[in-house]
Every structure is written in structure tokens, then in C-alpha cells.
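Presented below, as C-alpha cells, is a lone chain in the form predicted alone.
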Amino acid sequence: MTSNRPRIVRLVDVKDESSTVRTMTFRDDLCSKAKPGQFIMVWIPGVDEIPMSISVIKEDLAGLTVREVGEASKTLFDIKAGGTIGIRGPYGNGFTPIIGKVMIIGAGTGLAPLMPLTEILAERSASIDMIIGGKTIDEFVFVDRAKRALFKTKSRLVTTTEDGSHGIRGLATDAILPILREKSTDIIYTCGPELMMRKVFSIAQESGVPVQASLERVMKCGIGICGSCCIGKYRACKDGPVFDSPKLEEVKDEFGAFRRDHSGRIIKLSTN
């Protein structure tokens, strides 16, 4: 119940990750103890309340990473250090870190919930193969942060771009099979565009590797009441947003194919 309590926090730092992406950190006891993959509801006064993954989890600090995509995120993006926002949470089920041979694959701001996970896994001496994808080098975020986290571990960082401006030319999912053929992998963690995650899940199934994927859905309440975030029989806010392979199998007719818009209408995901 404590996490449901709305509170106002002051931004202590705002860092540009790219020209359209910023990470904002603040002090909050609950969020600084969150599990990687959990989310918070962020209230932008006079505009809206939106769900956002927690991208920074350390000591007494927490943070979120925002890209300008709509009115709420644009207003949030423009708030400077010293400004305030409203939050409640953290909510949902996060990733389950394991010690072993893991693969982490993400793209764009989908990397936000994966970064605290990567840092925890690195501290636990996991062997990590991390794949970061993007359309172009200008869209990359968190590459330097990933390098710092992986520096002292038995790890590898692979980057892919659709235009070939950095790393391997192609999609992030193109880098999966070469790694799986080279070495055994105990689990794959992923977050990013849902069509990408569906491809990750399909490859992992064929290879017999379990997956944990963080799904994005419209969330209005964040606590399982409104039903706007339903996928199959599950509510992403309560049963997710991180889904494991058995749950993904149960919702595979919708996963990567359909979602609900803000009115609750089921729409087909675009392949463009």
C-alpha cells in the first residue's frame, strides 16, 4: 500500500542520452529499492499520468528515461533539474536475475529497464552477451553505461544498426543465433519494440532457451483495476510487465500481433 501513495519528487539531475532521449534522476526510498523491470506511474501536472520503466536503481537514487513522443513525454522531457514530478509505485513484476550465461537484447528506450538488470548481473559475475540495436548510431542510448557495467565481467557487447553506421549492419535479432551457436545460454532478457521481442521469443523457443520479456501496454491505473493493459488473460501492470516463456506462450496469439489503444480497441501492430 505504501507504493500506492502519490508523492512529489524533485529532479536532482537531467542527462541527455541523445538529442531526443533524457534520463532524469530523483531521490525516492521506494524506487531506489525497486526490482529491475518494475515501473512507476509518473504524473505531469496539468497534462497526464503515464507509466514509465525505472532506468536507474542505486543507493538512494532512482531514475527514468524519456523520449519525446507525445504531449506528456514532451512536457516531461522539458523539465529541468530542480523541477518536480509526481510519482507512485513501483509496480509490477520485474526481471529475475540469475547467475549464469545470460543474453540481454534491447533497442531504443526499451533498454531502460534492462540497464539496472545488467548492472546487477555484472555485480553477480554473470557471463553476459549484450546486444544493443538501433536504426542508426544517432539513436543509440546507454552504450557507454553498458560498457562500464560489463568492463570487469566475462562479457561481450554487440551493437547493430539498420543503416550500418555502427556495429553489425542489420537488426538486433540478427546477432542472436551466432551467439547461441557459439556457446550455451541459460536465459535471454529482452525489452524493446514488440515485433523485435516476438522474434527473440521465436528464436529462443527453437533453441530451447527461456526468455523474460518486458512488455509495453497502455496503462491507466497501474494497479490492475481498469483492464486497459490486458494481454490474453493477464494484466501487464499486475502480472507483468515482465513475462516469462510460459506466459508468453499463453499469449502468443496477441504477443507481437495485437494490442489495445487508449479507448480499449484491439489494433494490429504495424510491421513498418
Partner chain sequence: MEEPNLSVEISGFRMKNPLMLASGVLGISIGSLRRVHEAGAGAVVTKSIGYEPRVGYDNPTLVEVHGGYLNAIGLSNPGVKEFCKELSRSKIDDLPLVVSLFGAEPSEFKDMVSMLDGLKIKAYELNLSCPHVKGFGVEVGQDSRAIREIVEAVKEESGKTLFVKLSPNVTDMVKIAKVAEDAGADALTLINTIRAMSIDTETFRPILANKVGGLSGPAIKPIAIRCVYEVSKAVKIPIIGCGGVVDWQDAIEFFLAGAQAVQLGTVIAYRGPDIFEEIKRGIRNYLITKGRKSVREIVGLAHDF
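Positions refer to the first chain, counted from 1. The structure presented is a predicted model; accordingly, all values stated were derived computationally and were not measured.
There is also a form predicted together with the partner chain; it is not shown, and the following applies to it.
Under a 4.5 angstroms non-hydrogen atom cutoff, the partner chain in the predicted complex lacks residue 244 among its neighbouring residues.
Using a 4.5 angstroms threshold between heavy atoms, residue 239 counts as touching the partner chain in the predicted complex.
By the criterion of a heavy atom within 4.5 Å, residue 225 is counted among the residues contacting the partner chain in the predicted complex.
Contact check for residue 45: a non-hydrogen atom falls within 4.5 Å of the partner chain in the predicted complex. Comparing 29 to 37, 54 to 62, 207 to 215, 227 to 235 against the partner chain in the predicted complex, the single stretch with non-hydrogen atoms within 4.5 angstroms of it is 227 to 235. For the stretch 85 to 120, the set of residues having any non-hydrogen atom within 4.5 angstroms of the partner chain in the predicted complex comprises only 88.
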